[in-house]
Structure formats: C-alpha cells, structure tokens
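There is one chain below, alone, in structure tokens, taken in the form predicted alone.
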C-alpha cells in the first residue's frame, strides 16, 4: 500500500504568510491602523491568531513586514531583485527612471492605501514612526546614497556634497506632495525635481 504523501509544511507556511500579509494590508487600508487587530488579520487570512503570534510579536511587525514584502514583489515583477537604483553613468537619467517608478508605486492603490495608513499612524505613534523609518524608508534612501556616491567617484557630483542630504532635494518634495496632496505627482513633476536638484534654479 502506497504511503500518503507528507504535507509540505514549507509551502503551507508560505501560503499562510501570503494570506496574512494580504489580510493585514487590506485591513489597515480599510479601517486604519488603530482598528486593525491580530484577531481581524487572522480571521481575514483564515488562520489562527496563534499562527500570527508565532511569527510576529505585534501587528506593527506584521504590517511592516507585509509592506516590505509588497515592495519586494514589485521589484520581482520588474525584474529588479535585489532592487538597486540603476547606474548607467548618466545620473540624471537614472534618477528620473527611479522616481518615475516611485510615482507608479505611489499612485497604485495596492501600495498607496496601506502606505498612507502606516504613514499617518507614524505621525502620532513614535514607535511605529521609528520602525517605519528604520525598516522601510532608510534602506530605500541608502540606495540613493549609494548611487550619488558613485556619481561623486566619477566627478559628476561635488566631492563635498553629503549624499544623504542631497537626496532629499528630490525625494522629500515628492513625499510631501504625495502625503499632503499639495499637488499632483507625475513624471513631469519628478523629472523637474531632478533637474532642479542637479542644476539649481539660478540663471544658467
């Protein structure tokens, strides 16, 4: 008599994690961070809440990892895993490319809705804000630092420029416009940010 196949625990765990991530992102977008609970995530994902607690100590950890996974999925879909800012030797073109991709991400409801919910909570919740920055934002910003340092090595950026400050010339205005809805975000907008950041606004 043939033995029954042994269930693949790894595959089952992967499916459960995917369901939990999807449930967490959907819930935080629908009801906001404060009303999102481990119990709600578990019910929506079709798993026991102890399954979630076995992998994550809090809903904040679930959501942050779910959000990081969302970014990794986007990178895989674009064939850019691990994700890096392109280095073609043309700094302006590379920055325009990555900021246009950022615009696409920011206006994608699958990203925008949970991102706004987490960002809003980070303003009033110091712990969430700090984790949001440390686990999500800063690693992404360091990719810009790496690309700007490469440009410095080529002589395309002044040697005395601090890349961590310089990147804010184009990243921060985009983030502010998106968060506060002070104006539309578009390719034209981010292309202009790159132009202003690299060439300034004084007469040429």
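Note that the structure is a prediction, hence the values are computed from the model and not measured. Positions refer to the first chain, counted from 1.
Heads up, the form predicted together with another copy of the chain isn't pictured, but that's what we're talking about next.
Engineer: So, a 4.5 angstroms cut-off on heavy atom distances: do all three of 100, 103 and 107 pass it with respect to another copy of the chain in the predicted complex?
Structural biologist: So, no: the whole triplet misses another copy of the chain.
Engineer: Within 4.5 Å, heavy atoms only, which of 39, 61, 30, 156 is in contact with another copy of the chain in the predicted complex?
Structural biologist: Here the answer is residue option 156.
Engineer: Of 120, 92, 75, 85, which residue is found within 4.5 angstroms of another copy of the chain in the predicted complex when only non-hydrogen atoms are counted?
Structural biologist: Flagged contact: 120.
Engineer: Examine residue 196 and determine whether its closest non-hydrogen atom to another copy of the chain in the predicted complex is within 4.5 angstroms.
Structural biologist: Residue 196 belongs to the contact set for another copy of the chain.
Engineer: How about residue 181 - does it come within 4.5 Å of another copy of the chain in the predicted complex, if we only consider non-hydrogen atoms?
Structural biologist: The answer is yes: residue 181 has a heavy atom within 4.5 Å of another copy of the chain.
Engineer: Is there a heavy atom of residue 164 no more than 4.5 Å from a heavy atom of another copy of the chain in the predicted complex?
Structural biologist: Close contact exists here: in the predicted complex, residue 164 approaches another copy of the chain to within 4.5 Å, heavy atoms only.
Engineer: Going by a heavy atom distance of 4.5 Å, is residue 26 a contact of another copy of the chain in the predicted complex?
Structural biologist: No, residue 26 stays farther than 4.5 Å from another copy of the chain in the predicted complex.
Engineer: With the partner left out here, which residues of 168-204 have a non-hydrogen atom within 4.5 Å of another copy of the chain in the predicted complex?
Structural biologist: Heavy-atom contacts within 4.5 Å come from 168, 169, 171, 172, 173, 175, 176, 177, 179, 180, 181, 182, 189, 192, 193, 195, 196, 197, 198, 199, 200, 201, 202, 203, 204.
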